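Single chain ahead, by itself, as structure tokens, in the form predicted alone.
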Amino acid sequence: MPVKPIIKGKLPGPKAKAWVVRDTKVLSPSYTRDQPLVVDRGRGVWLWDVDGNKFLDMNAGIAVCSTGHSHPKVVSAIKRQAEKFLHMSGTDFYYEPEIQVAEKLARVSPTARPAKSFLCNSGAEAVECAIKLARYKTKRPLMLGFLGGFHGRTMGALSVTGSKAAQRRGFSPLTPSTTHVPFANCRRCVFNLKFPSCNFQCVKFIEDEIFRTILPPEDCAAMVVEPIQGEGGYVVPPPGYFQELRKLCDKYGILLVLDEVQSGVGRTGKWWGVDHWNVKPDIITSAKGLASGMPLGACIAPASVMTWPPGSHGSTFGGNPVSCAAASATLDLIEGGLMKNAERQGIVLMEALKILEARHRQIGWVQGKGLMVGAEIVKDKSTNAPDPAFRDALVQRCFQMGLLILGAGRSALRFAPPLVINKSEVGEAVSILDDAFTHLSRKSR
């Protein structure tokens, strides 16, 4: 029998309510808090709140806790390093953990080899690094981003982000100048075409229209794109798309920057999301699952690209030795079986969700790679009209039943559990979601 969530009463409980009140008095209102979950502890795919309720976590801190909550080997690595020293600035000095992580990343990098890394604190910082590096290397000022793409909320990263207006509202002017184009979202093609007869019109549009009218390609340093759009709705492009982007970049001397912050480090069943399409990027960014919850980001590029001199970029806390120790343990666990488990359990999850798709009219489609899976919630399957209200109701209903899921894009449910999840736990998550669909469908009649 699968282990199940334990919910003691209506959520949030009394202790959680008290902490939420305290939170609102002292923390920034800019934080997005979808559920009143006040975490006390975690282990594997399970979380307990301060009232003793037990939750099945299909978020992993938004794809961050790749090895599960408090994996013993990661915790042990953190403790060993913390007892030695906590910080010495990898920008100014040398220490083993930082070098060891960079060596491991160089070995698995999808870029040309040899590869080098700049270690920082987050995905947004890694994207900032990639933007600066692309400008430095090409001596060009402009960038190309994609509608639906999310790359962070710092000013440079926000400039290439095209996910939600709320993320940009009130912050203009942003770092000049980024042009945004449609991503290959074949389910909702802005050109009203069908793959493969479309012949990659979304890529042709860049060359035939954007480069011809508003973005001189000789001024474009890089295009920044996610292999699978994360915040944009877990959108998976069709086969051949990245080959077409690669050809376009090569034609005009533009660097191809792959944002692997959410899709990388084994989540999709391969080291990197782009590995599913066998394309070599010029620069990649990584963070989230890289250190199992410790703050660490990386910008990775071939040595032939990362040629900037000392002082051109740095970070006081980047490459922190404790975070690097956690990352080394994480990478060993990913390679030692969790990446394969992500592939295996991703198939189980996709198959189970497709059964729900046939059962519930609100699921328009299911797509993903490995344990990066999205289920799009629609009002009508014939039109694919999004239904964010029903999606949000599902998220809240699942929370009350002890299942933690989040939305993405206009109306998708995203599934990004820890890579340690097993078949029984996948089945329990889908079963709870099934019950939530049934409950809300009856309620809406």
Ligand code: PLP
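Not measured: the values here are computed from a predicted model. Quick note: we count residues from 1 along the sequence shown, nothing fancier.
Another form, the form predicted together with this ligand, is not on view; read the next lines as being about it.
- From the list 99 to 107, 145 to 153, 276 to 284, 302 to 310, the contact stretch for this ligand in the model of the complex under a 4.5 Å heavy atom rule is 145 to 153.
- This chain appears without its partner; in the model of the complex, the one residue of Ser117, Ser122, Thr111, Asn341 with a heavy atom within 4.5 Å of this ligand is Ser122.
- With the partner omitted here, the residue from Val261, Val373, Val74, Met223 that has a non-hydrogen atom within 4.5 angstroms of this ligand in the model of the complex is Val261.
- By the criterion of a heavy atom within 4.5 Å, Glu244 is excluded from the residues contacting this ligand in the model of the complex.
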